[in-house]
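There is one chain below, alone, in structure tokens, taken in the form predicted on its own.
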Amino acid sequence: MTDRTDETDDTHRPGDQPEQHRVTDGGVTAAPGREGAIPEEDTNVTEVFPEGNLDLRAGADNCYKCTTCDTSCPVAEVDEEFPGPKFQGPEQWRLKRKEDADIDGSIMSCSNCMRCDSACPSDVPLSQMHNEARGEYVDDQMDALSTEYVRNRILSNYRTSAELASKVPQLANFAMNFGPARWVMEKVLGVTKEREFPEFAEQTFREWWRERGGAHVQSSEKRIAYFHGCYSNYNTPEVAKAMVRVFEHFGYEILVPPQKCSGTPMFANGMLDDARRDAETNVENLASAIADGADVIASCTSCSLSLRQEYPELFDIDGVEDVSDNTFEAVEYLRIYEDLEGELADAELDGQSFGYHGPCHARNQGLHRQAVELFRDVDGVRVEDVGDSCSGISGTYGWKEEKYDTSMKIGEEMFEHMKHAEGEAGMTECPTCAMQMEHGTGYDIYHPLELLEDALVD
């Protein structure tokens, strides 16, 4: 991870230079012996940008307005009214601290894809600035009784509604996709009626885990703690089961500690208090597993990014750095610690072809081509990269009625590439990207772990 602490460049300290060549505020060398110079000991330093909840002064100072972040922003590409991540990040941060100014409401149009972080050549913590600004906007400027706030709170806390729905999955699946009900949700809450709600599984992953008796492999040398996330638990337990079977194939003991939402949808909607509440539970239980000799594994790239980057950026929680330093995405971990390519060299699959989309949150971790690289030499399978465009859904973003058209415009390039790719199936590590891929093409979408299970597990 990039070190974003507030460091001072020693070469620019006035005290480190000869008295006659002190550096002035703009980095310009003062003329020696200039008349009227004020002795340093007689000056009072004014704090122009007082520190807020997060000290981002160093990051703001690193921005030299190159606009690389703006050109990489998928929202700015299709929405002319969106000012882009440069304004939402360092410019708004400075404006807010220099004047008594409100956070601009356009911050809620940022999808939190975090591509700006990867694009910035100066390591400006753009997404961290966006998260702080969103949180401040929601806390101080959004009416808690407004439709937008209530809708965003429900979407952010998906785990709560999913837990209730999973008690009666058949009824929930019918009710959530009943045409009149979807129409009412759009009119009352602003949740688009254009999307079909994902089905809830008849049996959650954690129910299956308890039923099978937990781990089938015991090992003091190879141990992982599985952070399955909400979606793999309630909606696609087949992905979580594939993760378990593949890791057990390699001799790992699997722990499934108590956990809550990773916080990704909460960050995107400015619900930082909710995110911190869940983060405290997650960090406590995952740090305990790490102390017991386990590494943390996530099968969703948004979850792994949240644990790795957003937690330590936003929360001062005991153990958060340990969790960050010891968290991995599932396929990434196997590629590091196991001879995965060697195992796959003898595997054969039945003539399957997939269009692979690398999620934005995989890109931020350098993982957006790992599935293509992993399966390119496996007999009987073809995995074709469908380009580097954003899928457009960005978690809860594409579920909002006012953002639906924007999300589909962003996804057009990906849809087009998928339709021209060989085969009629897709692959991605992100569950919401999978929703968008299926929604825009009609293809079935798989996780790389499911293909690994087919190739390696008898």
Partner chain sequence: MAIESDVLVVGGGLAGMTSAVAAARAGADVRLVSHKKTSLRQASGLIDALGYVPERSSPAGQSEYISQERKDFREVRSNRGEYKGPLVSPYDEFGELPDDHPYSLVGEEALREGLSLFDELLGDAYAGGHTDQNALVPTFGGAVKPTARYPRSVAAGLASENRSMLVVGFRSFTEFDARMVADTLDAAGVPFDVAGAEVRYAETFPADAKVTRFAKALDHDEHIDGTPARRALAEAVEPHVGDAERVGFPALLGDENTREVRAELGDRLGGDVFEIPMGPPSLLGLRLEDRLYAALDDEGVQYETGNPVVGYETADGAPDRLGSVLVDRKGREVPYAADTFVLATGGLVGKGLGSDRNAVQEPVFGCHVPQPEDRYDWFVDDAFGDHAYARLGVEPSKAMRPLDAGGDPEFANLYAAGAVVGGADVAREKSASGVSLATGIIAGREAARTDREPTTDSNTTEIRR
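Residue numbers count along the first chain shown, from 1. All values derive from a computational prediction rather than experimental measurement.
The form predicted in complex with its partner chain is left out here; the points below concern that form.
Within 4.5 Å of any heavy atom of its partner chain in the predicted complex lies no heavy atom of G190.
With a 4.5 Å cutoff on heavy atoms, R335 counts as touching its partner chain in the predicted complex.
Remark: H228 does not count among the residues lining its partner chain in the predicted complex, judged by a heavy atom distance of 4.5 Å or less.
Proximity of D117 to its partner chain in the predicted complex: non-hydrogen atoms within 4.5 Å are present. Not one of R159, D292 and G319 is positioned with any heavy atom within 4.5 Å of its partner chain in the predicted complex. Of the residues given (S122, N177, Q170, T281), S122 alone sits with a heavy atom within 4.5 Å of its partner chain in the predicted complex. Only one of A268, L305, C261, V138 comes within 4.5 Å of its partner chain in the predicted complex through a heavy atom, and that residue is L305. From the list 335-343, 193-201, 208-216, 230-238, the contact stretch for its partner chain in the predicted complex under a 4.5 Å heavy atom rule is 335-343. Contact annotation for 394-421: residues with any non-hydrogen atom within 4.5 angstroms of its partner chain in the predicted complex are K409, E412, E413, E416, H417, listed in sequence order.
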